[in-house]
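As a starting point, one isolated chain is supplied in structure tokens, in the form predicted on its own.
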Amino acid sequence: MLETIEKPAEDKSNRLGITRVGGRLISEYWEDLFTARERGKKIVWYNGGALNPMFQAAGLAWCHGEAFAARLAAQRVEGPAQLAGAEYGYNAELCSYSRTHLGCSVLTLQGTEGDQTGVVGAHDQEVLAAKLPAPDFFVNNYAGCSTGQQWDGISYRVFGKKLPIFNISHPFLWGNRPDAGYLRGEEWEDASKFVAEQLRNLIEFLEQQTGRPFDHDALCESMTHIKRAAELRREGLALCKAKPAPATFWDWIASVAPINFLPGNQELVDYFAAVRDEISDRIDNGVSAVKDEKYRLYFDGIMNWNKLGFLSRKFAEHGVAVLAGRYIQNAFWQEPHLIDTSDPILGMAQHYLLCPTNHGAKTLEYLTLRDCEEYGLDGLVFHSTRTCRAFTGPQRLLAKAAQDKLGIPSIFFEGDVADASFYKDGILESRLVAMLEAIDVRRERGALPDGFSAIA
């Protein structure tokens, strides 16, 4: 009997080549961190907003907890850290970023022997998870997420409450006062000053930990590079409004790490200049990111890092260009004009407040519908991130707003940031196909249904 061999579907995605350079920069960063202790560097572990310019100016080595958890998940080697965390007592419903990083904390303390952990059969992966150099102190900079605000406090306990810790408190931006709006209003101004003052206190804390004066000139220099890289990133994002799209959400996901935690230097600027230039060249030469682009969608939710390449190919297979999302357009130094490079503290504080989980529904609705209109999108896909309640909380409201005000449909699927076990491909596939069929029907009918109006 002849066996039928199913041929793999054609890969219709056409990812940017330059992201491979970004991957090299990220790998070099982590290898540098792994050996920081040997070079006499003090090491800070932190979570939340991008404090790395502060640490760079203070001459520290820095480890961003979410970033390392995401990296392990992207490499599909997060298992030993999560098992170590589970053995230590962390429940599977806890944020998988924090669960992975806390597991790394346990393994870092235990060393790489592995025999006493109960985690067996994956020693090489365990060695990587345990490779983080132990911290000298912690800084927490989390906005809009109760788990994040506790994360470093729990790490502090894992290390026996013997290391210093500094917490920055961020007011939630409710946006419900009469003068409130995105980047404006008394609430925004007061919160910005409140966080900026804490950053000045952080500088004093860093001086105590390092035993030397903080280098304000170095901070200005770092933020000058980061501001320029962020401007180039915005220019590249704007170019993706072209039809067909020259690059997609997935290309920008691959470029999150460089803008989020790599050092602010000329190499960072050069990388984002190259990203923008490759996108521009694609437009000039008629090169699209998705073969035979037919649909343009929004993706809401933190990335499922185990599935980056898979989801890129999956959506492209259906002729879908995913072009915008809260995690890309509205995060990661997304408003570079706020940064005064001669005195960057206030602009930095404002960006930390602009975390995409730190807004009330009114502002999120404004940002989401704005991006849907600007990118000419046909629908929304909500990644209902299982262990991230902060991101999933407002998604039903956003879906309703998109349907009511723009007349565009949406679907939901469950997954997670760093735990592949929550993803069920059949659910996404069936719902995606159904939504694309609905879009086809709508196109056949022409204009928006009665009662729908475009956002003002």
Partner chain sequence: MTDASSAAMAKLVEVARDPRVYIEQWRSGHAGRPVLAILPMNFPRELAHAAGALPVIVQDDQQPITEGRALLAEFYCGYTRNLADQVATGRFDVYDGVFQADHCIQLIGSADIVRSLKPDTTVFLGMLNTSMNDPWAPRQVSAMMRRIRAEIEAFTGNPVELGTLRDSIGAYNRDRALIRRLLDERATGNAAFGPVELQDIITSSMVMDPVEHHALLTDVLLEPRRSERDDRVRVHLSGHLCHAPRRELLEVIEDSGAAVVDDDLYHGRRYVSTDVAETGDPVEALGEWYARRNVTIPCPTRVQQDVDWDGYLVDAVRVSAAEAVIHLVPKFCEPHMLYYPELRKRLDAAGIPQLQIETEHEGIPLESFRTRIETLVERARRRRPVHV
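Residue numbers count along the first chain shown, from 1. If you're wondering where the values come from, they're calculated on a predicted model, not measured in any experiment.
There is also a form predicted in complex with the partner chain; it is not shown, and the following applies to it.
Note that among 164 to 172, 371 to 379, 210 to 218, 300 to 308, the stretch whose heavy atoms approach the partner chain to within 4.5 Å in the predicted complex is 164 to 172. Taking non-hydrogen atoms only, G89 approaches the partner chain to within 4.5 angstroms in the predicted complex. At the 4.5 Å threshold, heavy atoms of R177 reach the partner chain in the predicted complex. At a distance threshold of 4.5 angstroms between non-hydrogen atoms, N201 is in contact with the partner chain in the predicted complex. Of the heavy atoms in W151, some are within 4.5 Å of the partner chain in the predicted complex. Checked against the partner chain in the predicted complex, the candidates I259, V320, L83, L102 yield a single residue with a heavy atom inside 4.5 Å, and that residue is L102. Of the residues given (V269, L239, A196, V158), V158 alone sits with a heavy atom within 4.5 Å of the partner chain in the predicted complex. Using a 4.5 Å heavy atom cutoff, C95, G144 and T392 all lie near the partner chain in the predicted complex. Along 382 to 401, these residues reach a heavy atom to within 4.5 Å of the partner chain in the predicted complex: S384, T385, R386, T387, R389, A390, T392, G393, R396, L397.
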